[in-house]
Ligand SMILES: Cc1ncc(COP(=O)(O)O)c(C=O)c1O
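Heads up, the chain below is alone and in the form predicted alone; it's given as structure tokens.
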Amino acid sequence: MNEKVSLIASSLMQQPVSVTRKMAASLPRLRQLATEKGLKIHHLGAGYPHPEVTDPRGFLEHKTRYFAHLAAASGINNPDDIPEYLRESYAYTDTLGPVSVRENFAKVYGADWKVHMNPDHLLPTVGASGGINLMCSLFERPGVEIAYITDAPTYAGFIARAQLADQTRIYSVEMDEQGPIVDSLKRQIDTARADGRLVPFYYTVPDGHNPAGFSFSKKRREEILEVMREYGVLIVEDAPYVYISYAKEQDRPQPFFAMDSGVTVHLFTGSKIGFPGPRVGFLYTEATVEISRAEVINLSNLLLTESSADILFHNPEALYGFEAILHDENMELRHSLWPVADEKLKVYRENREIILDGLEDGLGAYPERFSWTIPESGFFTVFRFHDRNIASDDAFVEQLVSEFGIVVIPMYDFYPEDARQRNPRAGLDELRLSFCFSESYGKARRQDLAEAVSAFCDAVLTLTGIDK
């Protein structure tokens, strides 16, 4: 291997591995240790959609009926003729995907948030992760020094992607119970620009924040928008959990794109409301960018060019399958996706109630020692230790698995490097507890989760030296 290639390989090997991947890699060994001790494995770690809400059988039946509806609507009577949807499903298609999918999604999704969406500004992506990659690659292409603004903590997948390019650096923003602290947000943008870096966007997950386990307040969203308008910085709004909401309808906050699509790049994924496997997602923005002193163009046009250089042809069959979800049993276009979400929420609401009740029952008597977030959306609650003698590091998490059979995710790797430089203990007093996934269904699921949170509370009391 020549010297240049060797340096590149060395650089790639130094790229961070996400905390969930590290945990997944270590689980077989830890599970074996737990099994040898006769322990049951309790799942409070995985952030996956529950198999009970992603059973594909009903969806496949509905999709088959929808495809038959499309064939009938095309007016084809000769059985040897191929309907247009079928021809397009297994052929090359435009980078934007089938027109009808974008038009129908724009109508239904726009109606849910009471905004008009231009389907020409909708760009299919490979889940929300595809949208993150697209935004990063667009601004990295010119080769200038870049600052990505994000929360501390933030989604581990964003950290991994943002650190791939040598010219990028993350400037993270501390949060309180309402969202990112506005003065810190301004200060980090100012600092990044003083360092000579381009600040293209602020990335966040405002609803059901992964991993912080809460949603931004309406007031804080308005304040963030004012900062973005003032500084000329985009918001990249990752929105996997907008429909996984436990708030009353009148209390649901508006997403950033519904408040101001001119400064927001909205990332939707069908993984939580539909099915994770097909990886259907959409990027939407009405933002414009100045590419010269005399020319301002739609950001969506630049992103389309960037996308076509990466994924020229999206999977049209998967997109048509998602379009089936947008139609009801009578094959009429839905007025809203909330009825679809409500079917998923039956499981997640139950799970959320079980874990919050279990934490309160097991540890609520010690508010000076422990606390946890109350999620209004999403899959997670963040558990905090108030005793500085406790460090929720790798050894602590491995002990939970090997001695108690409890799988959780430590929080420290969700904090960008600069946050850990500011505070070496960042995340070392926190654990992310997931209530979305188990390997059981119905009554067994409820029992397993109740046992898991009870076992977690008992383990915490034991490890912190509290006599029950």
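These numbers were taken from a predicted model, which means no experiment stands behind them. Residue indices: 1-based, along the sequence shown.
There is also a form predicted in complex with the named molecule; it is not shown, and the following applies to it.
(message) Whether Glu376 contacts the named molecule in the predicted complex should be assessed with a 4.5 Å heavy atom distance threshold; does it?
(response) So Glu376 does not count as contacting the named molecule.
(message) If we define contact as a non-hydrogen atom of the residue within 4.5 angstroms of the partner, is Gly127 a contact of the named molecule in the predicted complex?
(response) Because a heavy atom of Gly127 falls inside 4.5 Å of the named molecule in the predicted complex, the answer is yes.
(request) Could you confirm whether Glu323 comes within 4.5 Å of the named molecule in the predicted complex, counting heavy atoms only? (result) Result no; Glu323 lies far from the named molecule in the predicted complex.
(message) Can you work out whether Lys272 and the named molecule are in contact in the predicted complex, taking contact to mean some heavy atom pair no more than 4.5 Å apart?
(response) Contact with the named molecule, yes.
(request) Scan Val397, Ile149, Ile244, Val205 and let me know which has any heavy atom within 4.5 Å of the named molecule in the predicted complex. (result) The residue in contact is Val205.
(message) If the cut-off is 4.5 angstroms on heavy atoms, which of these, Tyr109, Tyr155, Phe201, Phe256, is the one near the named molecule in the predicted complex?
(response) By the 4.5 Å criterion, the partner-contacting residue is Tyr155.
(message) Please determine whether each residue of Arg87, Pro278 and Asn315 possesses a non-hydrogen atom within 4.5 angstroms of the named molecule in the predicted complex.
(response) Spot residues vs the named molecule: no contact at all.
(request) Determine which one of 176-184, 366-374, 233-241, 189-197 lies within 4.5 Å of the named molecule in the predicted complex, judging by heavy atom distances; exactly one does. (result) This holds for exactly one stretch, 233-241.
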